[in-house]
Structures are given as structure tokens and as C-alpha cells.
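Next up: the same protein chain in two forms, each one alone, written as C-alpha cells (structure 1, then structure 2).
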Structure 1
Amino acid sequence: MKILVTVKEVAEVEDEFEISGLDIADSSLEYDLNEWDDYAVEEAVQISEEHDDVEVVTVTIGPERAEETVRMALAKGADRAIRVWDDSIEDAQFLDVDTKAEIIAAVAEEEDPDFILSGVQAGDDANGATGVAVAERLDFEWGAVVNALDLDVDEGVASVHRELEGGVEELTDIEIPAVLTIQTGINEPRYASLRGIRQAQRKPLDVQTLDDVGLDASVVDSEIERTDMYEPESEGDATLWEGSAEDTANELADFLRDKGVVEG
């Protein structure tokens, strides 16, 4: 069995940040493995530990900088990694869901996985659509927002719990090959051990271009255009009173009277 796990390096913005053109300045960003993808990696590694002959392969779309994130997934137990990047992707202003899905689906067609696990969403753009879009392109069955998974390898069926609106949960069987988007809380992602980090440096990390995966530069063309970047204005202010309840009660009462909340 082969499990392909999509992983993404996501940008985390510092509390105080600067905007440069149509993006946040690099000096204000730090990068890390997407939280939801961390759970997807853990789920794949646990399956590989519970069953024989399971290979876990990670795939990411990202620059050379993203290899640090990919190596973290390898340190946690993935067997090898694929990173897709070239000048066409570098020059693209914005990678929309269609583009990401096309690239990942192209890699999947080469790898021929039984499962594709993806985080429900990415912490930076929060589209929450790439996993399902990949399934549509591959004509795979899919399950979104999976928070529990019981795999029957012999029958080729995954019994999954899905988190629906209003706290409702659904239990359904999905035939493999399939794409599952993994919700946080499905497991407890492990920390990468020092031994795992050392081993990750020796695991294969294959860098591929669009041409390598059978696509051309037109795949990065998008109808979505970023037109502006700005810091939103605060819609509300918080007022804090410091001191004991006895000291601040009168100040709070005056405040509420001024706002018309209370009379007197």
C-alpha cells in the first residue's frame, strides 16, 4: 500500500508586521508545517506501523526553503518526499486551488497511491478545498473533515467519521483509492526525535518541475488576481481596568452609564 500525504509550508505572521507590495514582507514571516497536515502525516505513519508493506510519500509545492518543513515530515516517519517547483511557479503571483490540485493530481498519477491524505485546510489561505479538488481530478472517492479512521486493508474500505455542521458526526465507508482530508484531533502528532531528524537527512527528497510531472506553465494561469494588501481596521476596542473589583467597580459603572447600557 502506498499513502501520499500532501504537506504545505505555511507562513505565520508576527504580531507586528510590514506589508511589501501585494504581500506581507518576508521579514515579518516565519514558516512551519501546516497544522492540519501534521495530523495527516501522523495518521499515515500510524497506518504504516500497523500494517505491512506501507510506504508513506509526502508531496509539497514549494521553494527550496520548504525542504526544512518536508524534512520534518520525514523525521516523523514518512519514507520519502517529492517537492514540485520551477521558475513558472516561482513567477506566479498566486497559486489557486485549481493549480494546486492539478499539480498534486499529476504527481498522484505517477505515484499511483491507494490513499491520499491531506489536511482539511491550510493555516494561511484556509481554502479547505484542495483535497477534494484532487479527488475530483483523479476520480477517487473522498471524505472531508475526517476525525476518525478505521482501515480494512483486505476489503479495501476505510470507515471514517466525518465532522458535519452543528456538531453532527457521520460514519461512512469509503472504498479505496480515496482522498481523505484530515481534521485536527484525529490523533496526537508525534515529536520528531533526534534520531528521526538525522535519518530524515538521508531519506530521498525528489525535486520535480512542472515538465517532470507532465504539466506546462499554463497550469499556473489563474482567474484570481491579488489586487491589494492592507491591514484591516479594528472593528472594536477593548477597555481594561486594572486593580481590584472594589477599586474598578465605579469606573465600570460610569462606563456603562456613558454607553447607555444602564441608567442611574
Structure 2
Amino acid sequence: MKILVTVKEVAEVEDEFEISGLDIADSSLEYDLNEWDDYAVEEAVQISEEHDDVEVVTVTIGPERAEETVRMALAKGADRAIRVWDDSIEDAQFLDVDTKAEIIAAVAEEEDPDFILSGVQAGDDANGATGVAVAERLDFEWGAVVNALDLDVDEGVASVHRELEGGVEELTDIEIPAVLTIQTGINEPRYASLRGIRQAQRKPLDVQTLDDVGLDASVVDSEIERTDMYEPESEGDATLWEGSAEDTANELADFLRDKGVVEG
């Protein structure tokens, strides 16, 4: 069995940041493995540990810098990795859902996985849509926002819980091949061990261009254009208590006494 896991290197914004043009200045960003994808990698690795002959392959759309993130997934137990990038992707203003889905689906067609796991969303652009769009492109079944997964390989069915709003979960059986988008909390992602990190350096990491995956530069064309980025104006009018921790704690304590939360 082969599991393909979509992995994204996401940009995290520091508390103080600057906007440069239509994006956040690179100096204000730090990069990390997307939180939701970390859970997807863990889920795939756990399946590979529970069943014989499971290969876990990660796929990433990202520049060379993203290899650090990819190696992290390899260190946690993925077997090999594919990274897609070239000049036309680099030059694109941003990648819309359709573009990302087309690239990942092209890799999936080549790899022919039984199963694709994807984070529910990415922490930076938060589209929350790529996984399901990939499923549609591949004519796979799918399930979005999965927070429990029980895989019956013989029957070809994934029994999942989908986390709905308001503390309710939907219990659904999904035929595989399928794409599942994985919600945080489904498992406990492991830390990469030193041994894992060393091993990751020797695992295969293929870099492919759009041409290599059978696509041309037009895949990055989009009818959607980013036109502005700005810090939202604060809607708040909170009263801020200022001073030392002792002073502010004293103000808050007085407030809670006045409010009757605490007596005395």
C-alpha cells in the first residue's frame, strides 16, 4: 500500500512584522512544517507501522528552502519525498487552489497511491480546499476535517470521524482510494529523533519541475489575483492595565473583587 502525504512549508509571522508589496516581508517570516500536515504525516507513519508493506511518500510544492521541512517529515518516518518547483512556480504571484490541486494530482497520477492524506488547511493562506480538489481531479472519494481514522485495508474502507462544529462528530465510511484532510488532534505527532534526522539525510528527495510531472507553465495562470494586503484595523477598545506584573495583577484583582468574582 502506498500513502501520499501532502506537506507544506508554511510561513509564520512574527509579532511585529512588515508588509512588502502584496506579501509579508520575508524578514518577518519564519518557516515551519504546516501544523495540520504534521498530523497527516504522523497518521500515515502510524498506518505504516501497523500494516506490512506500506510506503509513505510526501509531496511538496516549494522552493529549495522547503527541503528542511521535507526532511523533518522524512525524519518522522516517511520513506521518500517529492518536491515540485521551477521558475514559473517561483514567478507566480500566488498559487490558487486549482493550481495546487493540479500539480499534486499530477504527482499522484504518477505515484498511484491507495490513499492521500492532507492537512485540513495551511496555517498561512488557510484555503482549506486543496485536498478535496485533488480528490475530485483524481476521481478519488474523500473526507474533509477528519479527526479519527480506522482503516480496513481488506475491505477498502476508511471509517472516519469528521469534526463538525459545536462538539459533534460525523461517523462516515469512505471507500478508498480516497483523500482525507486531517484535523489537528487526531494523534500526537512524534518528535523527530536524532537517529531519524540522520536517516532522513539519506532518504530519497526527488526534485521535479512542472515539465517532469507532465504539466506546462500555464498551470500557474489564475483568474484570481491578489490585489492588496494590510493589517486589519483593530476593532477593539480594550482597557489595558499597564505597569509591572505586580501593578497589573493588582488592577485585575481589584476589578475581580469589584465584580464580585472573589470576595475580600
Partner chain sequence: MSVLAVTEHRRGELRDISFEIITAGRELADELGEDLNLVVIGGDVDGFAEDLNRDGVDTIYTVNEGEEFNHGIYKQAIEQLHAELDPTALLTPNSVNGLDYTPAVAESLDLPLVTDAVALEGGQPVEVTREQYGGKVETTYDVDADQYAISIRSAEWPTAEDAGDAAIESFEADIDHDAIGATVNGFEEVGGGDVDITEADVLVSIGRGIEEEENLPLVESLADTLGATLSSSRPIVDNGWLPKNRQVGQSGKVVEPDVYIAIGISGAVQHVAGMKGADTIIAINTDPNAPIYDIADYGIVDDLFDVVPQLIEEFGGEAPDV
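If you superpose the two forms and keep the largest set of C-alpha atoms that fall within 1.5 Å, you have the rigid core. Please read these numbers as outputs of a predicted model, since none were measured by experiment. Numbering runs along the sequence of structure 1, starting at 1.
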Which of the two structures shown, 1 or 2, corresponds to the form predicted on its own? 1
Exceeds or equals 2 Å, Cα of residue 17 between the two structures, core fit: no
Once both forms share the same rigid core frame, by what distance in Å has the CA of residue 240 shifted between the two structures? 2.8
By how many angstrom does residue 255 shift at its CA between the two structures when the core is held fixed? 11.3
